[in-house]
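Here you'll find one protein chain in two forms, each presented separately as structure tokens under the names structure 1 and structure 2.
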Structure 1
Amino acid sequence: MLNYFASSLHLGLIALQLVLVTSAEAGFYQRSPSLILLLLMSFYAVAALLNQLTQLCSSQPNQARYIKPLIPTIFAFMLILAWQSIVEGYAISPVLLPAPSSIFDALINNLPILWADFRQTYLKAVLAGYLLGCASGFLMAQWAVKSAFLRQGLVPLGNFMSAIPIVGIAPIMVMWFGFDWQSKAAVIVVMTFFPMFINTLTGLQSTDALHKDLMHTYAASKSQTFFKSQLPQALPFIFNALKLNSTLALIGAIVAEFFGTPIVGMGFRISTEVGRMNMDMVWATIVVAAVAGSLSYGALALLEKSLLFWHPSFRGNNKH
């Protein structure tokens, strides 16, 4: 009963803060500094609420599936609320830091522009480069796993490449392949090739020799052995590379657009809008990039889960 009372008090505090932010005129912290206390109290309220939810998670494991995603959501909500309150409350110039609400406005009002940028950067450059880079890394690993000579030459080279900033080749690629998306795709191919190569190779080498012998006693053909035994065992490593590459690819495309691009694309948008001090538009582009990045990462994680449900690393999760 007491618990119930406390949590409704916490919710009330957060609601009060929300009302303050939406209704008060900008600059309210400058007029009455004591209002900041409410923000601090709502911080405390959110922390207490999150604590309760975590405890609920461990005491009622059946419903943990529904409660668990709530916790990071509330956490992010509080951060955005604090951001909005501080920007509004101290009337911070939008050139410095735009409020979340104005970023949202910019996002909604500029959807056609943002969609064109997204298509140029993501649907053309990132997808083409990602597919080509991952596929060639995968094929090269197939080849290297059979030849010790190739392996001993390529693995040190791959390790060396992981230590160096490959995005630096962007100006060269722009010079070779022109301003359009092909040069961005070329940067991504080089960036994604080596992680895929090294991971696939490690995965294929970690396959159990006993399994191979078993497939041999079944008189399995080479392709059967590969698809039914070796590839599934290497999949966790391959998915690691796929997930890593999905974030690398977006970075590569945006960096390459700084070295020259037609007047469309996310990197171009960011650099021009920073120059024009339209920070809300810059942030809107970042939101698009973050959503695109998170969705592709999430999609890969889901695919991994559906393909690797049998793997110990996923079976183990059900217990917690």
Structure 2
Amino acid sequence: MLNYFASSLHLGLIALQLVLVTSAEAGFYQRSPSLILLLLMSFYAVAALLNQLTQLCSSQPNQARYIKPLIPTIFAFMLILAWQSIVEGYAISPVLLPAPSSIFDALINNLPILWADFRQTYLKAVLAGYLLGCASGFLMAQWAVKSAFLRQGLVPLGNFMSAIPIVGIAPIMVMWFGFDWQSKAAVIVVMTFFPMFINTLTGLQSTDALHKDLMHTYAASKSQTFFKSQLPQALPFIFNALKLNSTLALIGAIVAEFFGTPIVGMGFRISTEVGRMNMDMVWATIVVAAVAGSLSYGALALLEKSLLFWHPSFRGNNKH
């Protein structure tokens, strides 16, 4: 009964803060500074609710799969509510920091433009560069396992290439491959090749000697040894590179578009709208990029979990 009363009080505080933000005129914290106490109390209410949900996850493991997604959702909702409250309450200029509601409006009202930018940057440049960079890094690592001179030559070169700033590579690639998506894909290939090469090489070299002897005892062919022993043991390293490259590729494409692109693309949109002081559109483009990057990373994490269910690290997590 006491917990029910406390939960109702917490939800009431959050609802009151929501009503204040949606109904009051801009600048309400400047006119009535004491209203900031309501925001602080709503922070406390959200923290208490999250604490209750966390305890519920521990006490009822069967319901955890339904409760766990609520925790980051409520946390994100509170951050957005606080953002909206501070921007509206202190009447902050949209050039400095637009409100989440303004960003949402820009997102909805410019869907055709954002879709065209997404198609140019992600579906053309990012996917092509990512696939080429990861595939070439994987194949080169296979050859390097068998060749000492490739290992000794490419590993130090990988360290050197990883230290080169992308802002130095991007304009060169634009000069070589033109202003369209091919130059951005070339930047991504450079950025993703060596992480995949180093991780795959490490994974293939980490094959257990006992497994090698076992495959030799079975008179396994080279392809059988690779697919049934080396590759499964290297998969955790390969997925590390795939997940790392998924974020690197998007960053590389957007930064490369700052140095030359057709009048479409996420990087072009950000640089153009910053010049126009249209920050709502800039933040809307950033949201699209963040969602695309998060979905890519999440899809790879799910694929990793489905393929590596046998690995000790995943078996250990499944016990909890």
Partner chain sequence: MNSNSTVRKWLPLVSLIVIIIAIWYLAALIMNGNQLIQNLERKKQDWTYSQILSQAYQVKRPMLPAPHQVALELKKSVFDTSVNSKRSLVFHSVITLNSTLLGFVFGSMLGMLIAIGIVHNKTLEASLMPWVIASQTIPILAIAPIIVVVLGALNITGVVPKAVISMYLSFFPVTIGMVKGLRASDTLHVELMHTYNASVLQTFWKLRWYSAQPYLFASLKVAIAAALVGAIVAELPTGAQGGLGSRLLSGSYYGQTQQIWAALLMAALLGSILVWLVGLAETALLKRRGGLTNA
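Residue positions are counted from 1 along structure 1's sequence. Between two forms, the rigid core is the largest collection of C-alphas that superpose within 1.5 Å. Values in this document were obtained by computation on a predicted structure and should not be read as measured data.
Inset, instruction - Mark the structure, either 1 or 2, that is the form predicted alone. - result: That would be structure 2.
Legend entry - C-alpha of residue 143 off by 2 Å or more between the two structures on rigid core: It does not, since the residue 143 C-alpha is displaced less than 2 Å between the two structures after the core fit.
Inset, instruction - Align on the rigid core first; then say whether the Cα of residue 116 has moved by at least 2 Å between the two structures. - result: No, the C-alpha moves less than 2 Å.
Inset, instruction - Once the core is aligned, please say if the CA of residue 81 is shifted by at least 2 angstroms between the two structures. - result: No, shifts by less than 2 Å.
Legend entry - Once the two forms are fitted on their core, CA shift of residue 220 between the two structures in Å: Reported C-alpha shift between the two structures: 2.6 Å at residue 220.
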